[in-house]
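Shown here is one chain on its own, the form predicted on its own, set out as structure tokens.
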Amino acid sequence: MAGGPEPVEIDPRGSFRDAARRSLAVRGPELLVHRDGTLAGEDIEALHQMRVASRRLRAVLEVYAGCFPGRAHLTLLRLVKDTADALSEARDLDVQIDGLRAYAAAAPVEDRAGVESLIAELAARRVAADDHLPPALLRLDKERFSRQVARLVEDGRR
């Protein structure tokens, strides 16, 4: 995924259900590509990429909702939404902190203390957001995320 996400090969003569199955087969596994890096917390880019993958997967699940069995689909969609929420909380703070640090470097001297104070407050919230990430990401294993995706892909063949 270095140059972007893997394209979803969709046969224009195929059914909508087949497009759903193919899209889920590609976008589902992408969610896990950056999970270890996100859990390690050493590179905010891993978190960003995982968040982007969660948004793509959520879009697939919402656009193709009618192609998958109701209960299984809703269970997976809820898991993806909850994961995305935990990722978004941390990522949004990363973006805010980064922007404020850039501003602080160029801000008038009299504004810097206030900006630094806000950065410190956001950094504390970011530490708290880190507490939410491991349980949300480990839940993917606990609830057998990959198995849920595979099952829906298989159900999309019927």
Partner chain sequence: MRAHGVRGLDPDGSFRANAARIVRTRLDELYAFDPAIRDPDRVTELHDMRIAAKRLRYVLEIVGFSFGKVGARLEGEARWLQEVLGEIHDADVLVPEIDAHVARLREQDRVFLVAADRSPEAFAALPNRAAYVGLEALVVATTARRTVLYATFLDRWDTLRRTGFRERVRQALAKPGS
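Residue numbers count along the first chain shown, from 1. All values reported here derive from a predicted model rather than from experimental measurement.
The next section is about a form of this same protein that is not shown, the form predicted in complex with its partner chain.
Heavy atoms of no residue among 29, 105 and 136 are located within 4.5 Å of its partner chain in the model of the complex.
Its partner chain in the model of the complex is not approached by residue 123, whose heavy atoms all lie more than 4.5 angstroms from it.
Among heavy atoms of residue 25, none comes within 4.5 Å of its partner chain in the model of the complex.
Interface residue remark: residue 94 is not counted as part of the site for its partner chain in the model of the complex, having no heavy atom within 4.5 Å. In the model of the complex, no heavy atom of residue 40 sits within 4.5 Å of its partner chain.
Although its partner chain is not shown here, in the model of the complex the stretch 77-93 places no heavy atom of any residue within 4.5 Å of it.
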